[in-house]
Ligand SMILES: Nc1ncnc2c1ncn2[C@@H]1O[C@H](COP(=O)(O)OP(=O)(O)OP(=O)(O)O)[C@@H](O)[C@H]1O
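In the form predicted alone, a lone chain appears below as structure tokens.
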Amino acid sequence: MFISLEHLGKDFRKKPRALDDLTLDLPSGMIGLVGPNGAGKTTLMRILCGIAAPTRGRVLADGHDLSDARTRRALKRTLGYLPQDIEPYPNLTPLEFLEYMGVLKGMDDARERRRQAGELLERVGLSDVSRRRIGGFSGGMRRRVGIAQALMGDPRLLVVDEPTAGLDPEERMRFRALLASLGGERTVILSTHILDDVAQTCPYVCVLRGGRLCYDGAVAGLVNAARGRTWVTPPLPAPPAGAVVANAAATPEGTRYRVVADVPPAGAQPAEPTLEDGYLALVAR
């Protein structure tokens, strides 16, 4: 699915502008969506899912305007959405919950719903607990139920919000592997604060700040935003003034700071930038 945003804007009463003249094309495949708190990521995802309407501009899905009610209904039949705070019904089993979500997505064939639910539970590693109540599941298991429900109906557009937040390292790696396998002809939008998730799964990334687009393109291009601006200081008693601190390492002589700055701090040595350095360079500007 090809998504196009044209001069998109969203205002809320008595709040800063959430989205401001956002123009962007989102191709098929895995797309990372990153930015600080309040950047407009959640608002954008709600608009893409047809939950909220923009104040200005428009969203086109394969050339069809989402302001049209028929287009929104059609989109929701091919949409998968995993919100950050999903809480599957605790009294249902994963199999029952997925079948219920299939009904909401317009899957009228009961046998097809059951078949697809079983396949998805196997894919996310929950087939052996498919008949246990969700209320007894760990946080990681509930997130796996969440991604399975998002995939019901084989959606062409999949929107996932902070899917690895709060997960242990093993569960996070499992989710990364699963997400990386979902691209292809499908458009997958991954919103996260964990830049390593983007580095491991997304060839394409968008950066929002204050409702505006800072960057969209290849992950390697985001790294280049900090090239020639990344430094490691000698041991210091405090962070250097005027620099954005990316990391700090304590030593017996003091703390070495990895910083992003246009002018190197006194005695600092240049460093090869990382994805995090490039992100900080853009957001700081």
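Don't overthink the numbering: it's just position in the shown sequence, from 1. Since the structure is predicted, the reported quantities are computational estimates derived from the model, not experimental observations.
What comes next is about the form predicted together with this ligand, which does not appear here.
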key: Selected contact from G40, P54, G32, G50, since only one has a non-hydrogen atom within 4.5 angstroms of this ligand in the model of the complex   = G40
ask   = Is it the case that T78, R156 and D216 all touch this ligand in the model of the complex, with a non-hydrogen atom of each within 4.5 angstroms?
value = no
message = Please identify, from 222 to 230, 252 to 260, 58 to 66, 41 to 49, the stretch that has a heavy atom within 4.5 Å of this ligand in the model of the complex.
response = 41 to 49
inquiry  = I'd like to check something about H193: if you look in the model of the complex, is any of its heavy atoms closer than or equal to 4.5 Å to a heavy atom of this ligand?
reply    = yes
task = Examine P36 and determine whether its closest non-hydrogen atom to this ligand in the model of the complex is within 4.5 angstroms.
result = yes
ask   = Looking at the partner-bound form in the model of the complex, is A268 within 4.5 Å of this ligand by any heavy atom?
value = no
task = Report yes if any heavy atom of L275 sits within 4.5 Å of a heavy atom of this ligand in the model of the complex; otherwise report no.
result = no
query = So which residues in 1 to 21, when you check this ligand in the model of the complex, have a heavy atom no farther than 4.5 Å from it?
reply = F12, K15, A18
